[in-house]
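Listed next as structure tokens is one chain, alone, in the form predicted alone.
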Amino acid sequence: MGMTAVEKILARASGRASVAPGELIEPVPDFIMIHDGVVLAARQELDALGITRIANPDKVVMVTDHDVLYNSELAVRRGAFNRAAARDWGVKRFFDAGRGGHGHVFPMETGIVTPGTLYFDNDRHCTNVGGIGAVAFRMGTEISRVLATGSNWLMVPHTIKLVIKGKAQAGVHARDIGFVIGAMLNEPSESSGVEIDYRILEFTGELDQFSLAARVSMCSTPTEMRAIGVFFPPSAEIIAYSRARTQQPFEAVYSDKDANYESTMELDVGRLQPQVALPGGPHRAADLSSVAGQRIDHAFIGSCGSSMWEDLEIAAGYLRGRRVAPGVRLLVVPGSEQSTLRMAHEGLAQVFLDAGATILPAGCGPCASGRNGLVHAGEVSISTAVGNGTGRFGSREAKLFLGSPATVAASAVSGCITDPRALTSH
């Protein structure tokens, strides 16, 4: 019996010829990522155990992406603490505010993450890297153990195959497809036959139509539905993208033809219309037409689900030569400092500013549980955030819709939820 790509990566990191679902292993990750919000708790835990040195400081990547703007005294103190921790632990790859961007985005753009990479992260949306053909596992509070020992045990997950059929129609974007996938995965396992909890979702089928940014976007919603990982076999285009951005050798990994999958799903993307996720969760997919005309007060383009360069270009196409509607606040948050610089050099920043949008520093933006860009009771938001649970942007009395970058941009200029196909992209 062959292995899936993820099983191959785990076997390599475990020093084994093969692994199988259900086995307990202790793989050694290629690197370890820890985000700004959990450094304090991790260090306090290690200090209490008398552990003042971490196992492999050269493997640690520390990022500031949640509290990029210090909006409270707590955030100021935490930032100072994190800088001291990076210095005391000997972490050289510390990407503080203004140095990297969103931890689930910029490592792919800068060649830290390449096809075949395995890393551990404290945050669940590390699964984004499945878009490039890499694998990352959320460790949560166990990240302190990973820092101390260089590894952690995990159980090899089962893999579900998702076969993509057809070609997406013009105006249907990756996030639209992601919402539909979320709805499929949210069905009770008794009716769908699929249980996604602690599973890998592997995409197969007609994938060449999807760019890296599109693949990353499609990793977002399955993660919200409790998938432990998402994986796309890297295309030749994506391999070339990585080789142009890294100096480290890498090897793309693919599943064997006789790999064992727990179950198989199919989705014909050619039949889909533009979607929104209704308030309450990214799995609450609905045809955009069902809510078209709903007024909005707030719009946000960004998050690890839709903040790569291509996402920004798509949004700018609907904003170029137009103005954000009166009474609407539009926030744009690039996924990386690299994109921020490119926006300035290639004119996208001017497009957003001329339209009346506010550009925030690279990072999570409002998606980081409402640290900035909040909404008021009774307001309506549409955004590309990874989630729209009640209260995510502040008030529990606000309505939060999700859409693609095209939908959010078109809605911002119209003042209501709008099918992007109704406007011409420039």
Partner chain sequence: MTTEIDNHNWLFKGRCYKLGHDVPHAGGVIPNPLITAREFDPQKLIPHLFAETDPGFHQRVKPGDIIVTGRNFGMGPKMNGYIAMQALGLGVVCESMPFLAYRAAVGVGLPVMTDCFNVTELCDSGDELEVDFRSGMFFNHTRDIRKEYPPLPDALQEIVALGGNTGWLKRWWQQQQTARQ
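As the structure is a prediction and not an experimental result, all values here were calculated from the model. Residue numbers count along the first chain shown, from 1.
Just so you know, the form predicted in complex with its partner chain exists too; it's not on screen, but the next bit is about it.
In the predicted bound form, Arg295 stays away from its partner chain, with no heavy atom inside 4.5 Å. Heavy atoms of Met155 reach within 4.5 Å of its partner chain in the predicted bound form, making it an interface residue. Taking the partner from the other structure, its partner chain in the predicted bound form has no heavy atom within 4.5 Å of any heavy atom of Asn71. Its partner chain in the predicted bound form comes within 4.5 Å of no heavy atom belonging to Leu312. Residue in contact with its partner chain in the predicted bound form (any heavy atom within 4.5 Å), chosen from Thr141, Gln209, Thr246, Ser290: Thr141.
Proximity to its partner chain in the predicted bound form, defined as a heavy atom within 4.5 Å, holds among Val269, Ala86, Ala148, Ala75 only for Ala148.
Look at 211-219, 251-259, 194-202, 313-321: in the predicted bound form, residues with non-hydrogen atoms within 4.5 angstroms of its partner chain sit in 194-202. For the partner-free chain shown, Arg226, Ile228 of 204-241 come within 4.5 angstroms of its partner chain in the predicted bound form, judged by any non-hydrogen atom.
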